[in-house]
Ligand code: IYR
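First, one chain by itself: the form predicted alone, in structure tokens.
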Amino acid sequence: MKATNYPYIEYSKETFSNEEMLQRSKDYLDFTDKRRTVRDFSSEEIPLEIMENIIMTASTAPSGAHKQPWTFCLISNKALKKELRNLAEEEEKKSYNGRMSEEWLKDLAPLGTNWEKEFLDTVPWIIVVMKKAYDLEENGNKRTNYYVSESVGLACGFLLLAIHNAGLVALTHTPSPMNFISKALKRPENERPFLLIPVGKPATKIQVPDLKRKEKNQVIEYYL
């Protein structure tokens, strides 16, 4: 039985031969495999329209019952970026000096990370992804959202690839706890911080860890 809340429309999707699909899938794998997390950003400005297109690409992600339970806070204000850096470093100091387990710190050591987050000052844009635990109607009534974390996680995956596709780089930053973000941005009670993502061009002559991604036999279980 078809749902009645949405009218149904005709939909068509271009398809390809097996040979072309194989080549397209390989090309896209090669492209996405070049995506890397970067911590050294250029301060060069990026036009707002580019960032809006990136975010609207992320917003095409599927979501539970099509609730689209996300808000993307797009920040370029220097004073606000400075405030977020100060608050983030305050939490990160606590994490690196007691909250994190020895195992966690040992796993992070090869990546060279620490509590300092100077990129939050340098980067031209910060995207704070908020997940909506529920929606609020104009009269104050709450409306349930479904599979919120899963939906927002999918949108963030779309977001990172849209950033990569535009020729920009990003970092997924998760200071914990992140309550300070809601307060700094004055977000409503139904929203929770999910990710803080600096976005921009890479600085010149940067280096990244020589990471190796898992092979097929480590990430795929076959049931043929």
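Start at 1 with the first residue shown and count on from there. Since we're looking at a predicted model, the values are computed, not measured.
The discussion below concerns the form predicted together with this ligand, not included here.
Asks: Are any of the heavy atoms in T60 no more than 4.5 Å from a heavy atom of this ligand in the predicted bound form?
Replies: T60 lies outside the contact set for this ligand.
Asks: Though only this chain appears here, would Y96 touch this ligand in the predicted bound form if you measure heavy atom gaps against 4.5 Å?
Replies: The answer is yes: Y96 has a heavy atom within 4.5 Å of this ligand.
Asks: Mark T113 yes when one of its heavy atoms lies within 4.5 Å of a heavy atom of this ligand in the predicted bound form, and no otherwise.
Replies: Looking in the predicted bound form, residue contacts with this ligand include T113, since a heavy atom lies within 4.5 Å.
Asks: Taking this ligand as it sits in the predicted bound form, is W104 near enough to touch it, meaning that at least one heavy atom pair lies within 4.5 angstroms?
Replies: Taking the distances in the predicted bound form, the answer for W104 is yes, it comes within 4.5 Å of this ligand.
Asks: Should the three residues L161, K201 and I206 be counted as contacting this ligand in the predicted bound form, with contact defined as a heavy atom within 4.5 Å for each?
Replies: No.
Asks: Determine which one of 170-178, 153-161, 191-199, 61-69 lies within 4.5 Å of this ligand in the predicted bound form, judging by heavy atom distances; exactly one does.
Replies: Every other range fails; the passing one is 170-178.
Asks: Between L80, M100, L136, C73, only one gets a heavy atom within 4.5 angstroms of this ligand in the predicted bound form; which residue is that?
Replies: Partner contact (heavy atom, 4.5 Å) among the options: M100.
Asks: So which residues in 29-64, when you check this ligand in the predicted bound form, have a heavy atom no farther than 4.5 Å from it?
Replies: If the 4.5 Å heavy-atom criterion is applied to this ligand in the predicted bound form, 29-64 yields only R39.
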